[in-house]
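Shown here is one chain on its own, the form predicted on its own, set out as structure tokens.
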């Protein structure tokens, strides 16, 4: 029995040595390609991994003069403060609702845009449309948010001018809570959907054209090709993007909300990122903001892990 175990252990070691040798051989063969990874790895290490060290102030009463290690430990005091604070749950609710609306209404738009662009046969017209819909991505939220606010202005905004033309009263959209979330979602669609379509266009380009030719010979029309070739061809990409999007359910972009909201819509527009800005930078409660950031990260990891498990179970597509 012992000799059999020793033989299995020796065989396992030989397999591991062969795998390691094969990995080193592949690394040496493609060393220039792996070298291209180096700047990205360095960037992630400096800006994503090193800052994790600062998360320990979530368990301390951080004092700037004493530094991170000199500040006293307080355990879960800041988490208890958050979970007893009614404003915190309101802010979490706002963050979740805005992200859920974007998941339902904004997520499908890049897929639809990519499918429509893929059906265009006039190359010049297709390129022109692509340029127009990509352009808003390159504008900052300061500029794009200013355009949105100007369009919705009650005095000179285009939308209210149209309402006046049809005999309706102008509406102060930016100060009414019921319009804030739709404005956030629609502005996200206008700014980022065109850019997001690039990923799906890349996925569409990987579909073998012979499948379409064979379907044409078999008498399939455009709808049949869409349903049985195009959509299955990009389904894996859609699932992966959905998993990544779910992981950000507690993370709304700070710039967009900060530019668009104002005190009259705090009840529906205040989200975790703006709350962190107010508490952390304006009130200097760095430990509380670190606790919020850690809470976001833990929930985000759980969401992305559970979504990945569900996707793997039902579609056999997953991140790992």
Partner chain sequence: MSVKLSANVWIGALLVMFAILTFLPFYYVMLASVSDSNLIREGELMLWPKGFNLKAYGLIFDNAQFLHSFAVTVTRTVLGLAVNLLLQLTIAYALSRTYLPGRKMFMIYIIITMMFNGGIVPTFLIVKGTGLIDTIWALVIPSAISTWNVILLRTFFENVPSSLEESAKMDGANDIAIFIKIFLPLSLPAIMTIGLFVAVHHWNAFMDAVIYTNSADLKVLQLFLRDMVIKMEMAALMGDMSAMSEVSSLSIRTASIFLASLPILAVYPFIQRFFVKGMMVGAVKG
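Remember, it's a predicted structure, so these values are computed and weren't measured experimentally. Positions refer to the first chain, counted from 1.
Omitted from view is the form predicted in complex with its partner chain, to which the following refers.
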Open item on the list: Which residue, 177, 85, 235, 153, is the contact with its partner chain in the model of the complex, using a 4.5 Å heavy atom cutoff?
Closed with: 153
TODO: Counting non-hydrogen atoms within 4.5 angstroms of its partner chain in the model of the complex, say which of 248, 101, 212, 107 makes the cut.
DONE: 248
- [ ] Please name which of the stretches 71 to 79, 87 to 95, 226 to 234, 125 to 133 has residues with heavy atoms lying within 4.5 Å of its partner chain in the model of the complex.
- [x] 125 to 133
- [ ] State yes only if every one of 36, 140 and 145 has a non-hydrogen atom within 4.5 Å of its partner chain in the model of the complex; otherwise state no.
- [x] yes
Open item on the list: Although the partner isn't part of this model, could you tell me whether residue 286 comes within 4.5 Å of its partner chain in the model of the complex, counting any heavy atom of the residue?
Closed with: yes
Open item on the list: Given that its partner chain is not shown alongside this chain, does residue 295 nevertheless sit within 4.5 Å of it in the model of the complex, heavy atom to heavy atom?
Closed with: no
Task: Exercise: residue 120 in contact with its partner chain in the model of the complex, heavy atom 4.5 Å - done: yes
TODO: Considering only heavy atoms, tell me if residue 255 and its partner chain come within 4.5 Å of each other in the model of the complex.
DONE: yes
Task: Those residues of 253 to 285 which, in the model of the complex, come within 4.5 Å of its partner chain by heavy atom - done: 254, 255, 258, 259, 260, 261, 262, 263, 264, 273, 276, 277, 280, 281
TODO: Once you account for a change of 3 Å or more, let me know if residue 50 and residue 70 sit closer or farther in the model of the complex, using their C-alpha atoms.
DONE: closer
Open item on the list: residue 46 and residue 69: their C-alpha distance differs by 3 angstroms or more in the model of the complex. Do they come closer or move farther apart compared with the shown form?
Closed with: closer
